[in-house]
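Let's start with one chain on its own, the form predicted alone, as structure tokens.
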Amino acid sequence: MIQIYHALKVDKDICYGCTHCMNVCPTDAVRISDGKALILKKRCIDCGECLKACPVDAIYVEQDDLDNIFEYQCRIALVPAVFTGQFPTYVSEEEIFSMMKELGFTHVFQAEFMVDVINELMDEQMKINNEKPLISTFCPSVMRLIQVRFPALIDHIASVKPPVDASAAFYRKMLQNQGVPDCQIGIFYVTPCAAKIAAIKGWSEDQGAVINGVINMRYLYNKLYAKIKNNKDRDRELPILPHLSSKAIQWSLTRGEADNMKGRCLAVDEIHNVIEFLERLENDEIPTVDYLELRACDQGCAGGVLLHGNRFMTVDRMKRRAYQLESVAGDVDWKEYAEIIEDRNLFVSKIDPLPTISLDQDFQEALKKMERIRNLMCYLPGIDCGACGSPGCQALAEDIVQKKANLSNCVFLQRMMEKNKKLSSEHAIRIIERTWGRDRLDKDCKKIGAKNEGM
């Protein structure tokens, strides 16, 4: 059973309830209460749109400290290709990986190492799967989206693990075969996004977790790039690592999977595009497609919220690197690893729906609440101003039937109630203060945009 874990948090001391995060959230998971953003865990899919939109960095990801790696004797950095794609072209992979070892890692391993194996398993599954299109498991944010908002599409999700999970399982087994005790092996994934943190932290050892921690990619990039720029010994001998194939390097980018799968394959990126496409798929408006590659971020993992570099420059560097290796099959001899691959379970367990956006577990009660929402919408103005602290009138109506808000939260209805003597002015002010905080309407010339901003 998958635990519900979320990596996105709000620093209440910094947040001032500006609503930027609320306005961009694709699942209406943010509310404003007492002048601060509140993330509803049952709706959040950890896509990171709120983090990108926050103007004061009040939203952050919960991550592991780099010092945590020293709890293990064998410390492995599991590095995705987009990490190296952020560095200038004059910085080699070998130099990057060498510097990582100076930080304390004893081994560096590529997260896309198992792409060729995964690709083959996915092709085989697509042949026998009755539900078309088969949906990739690569993006954990999309998986969570389907679980909470499109549970009817769960049977379309492939059961093959994403490369990062398969590669971690493979490397752990390889070290065990070399005689390293499992308790001494610590695998840390260098993550480009919050969703992968949530996915990894959501598994326990009892449930087959093979990754011990996550390192913020932006943090590690800044730390390494500073060391590389100050490195005076650039001509020293560097470790030689097996090169990934051209396909593996581009796997995490948009069309990285679709271009390598058989049949009619489509690739959709950016979370709002994904939602629109899944709505059409759920309504049987999509003609026959065999395979769907869905990515929450624009440009795939190159658009991850924890990347330092420009996503288009990162894609360009990765494609250039892949082009140079197009005629090369990669340095991996799979026959050498056949025993380890066969010994590992490369398939995910059954994915359960998380119908947390449903109005009620009881179907009849849910229908009644739906009818009440439609009735409430007759009274709400329908302009989605967000002044009530909910992202729109529909969301406020849902909050009201869930007994988390009242009709008087709508500032326009407040005025009408005051006019009709059904609400006192003092009560209306108290409602506004509960949403926006008691000092929100006080004069403040230091806030963003005011004449003394930042002074």
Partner chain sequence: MEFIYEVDGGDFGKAGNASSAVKKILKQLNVHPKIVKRTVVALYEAEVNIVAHAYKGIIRVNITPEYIEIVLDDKGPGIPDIELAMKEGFSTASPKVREMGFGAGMGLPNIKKNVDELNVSSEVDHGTIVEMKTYL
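Numbering follows the first chain given and starts at 1. All of these numbers come straight from a predicted model, not from anything done at the bench.
This next part talks about the form predicted in complex with the partner chain, which is not shown.
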Any chance M370 has a heavy atom within 4.5 Å of the partner chain in the predicted complex? yes
My question is simply whether P151 lines the interface with the partner chain in the predicted complex - judged by any non-hydrogen atom within 4.5 Å. yes
Any chance R374 has a heavy atom within 4.5 Å of the partner chain in the predicted complex? yes
Please run the contact check for D290 against the partner chain in the predicted complex: heavy atoms, 4.5 angstroms, yes or no? no
For the partner chain in the predicted complex, the stretch among 109-117, 79-87, 274-282, 166-174 with residues bearing a heavy atom within 4.5 Å is 274-282
Check each of M261, M126, V268, L359 and return the one that places a heavy atom within 4.5 angstroms of the partner chain in the predicted complex. L359
Exactly one of D155, E102, E342, D352 comes within 4.5 Å of the partner chain in the predicted complex through a heavy atom, and that residue is D155
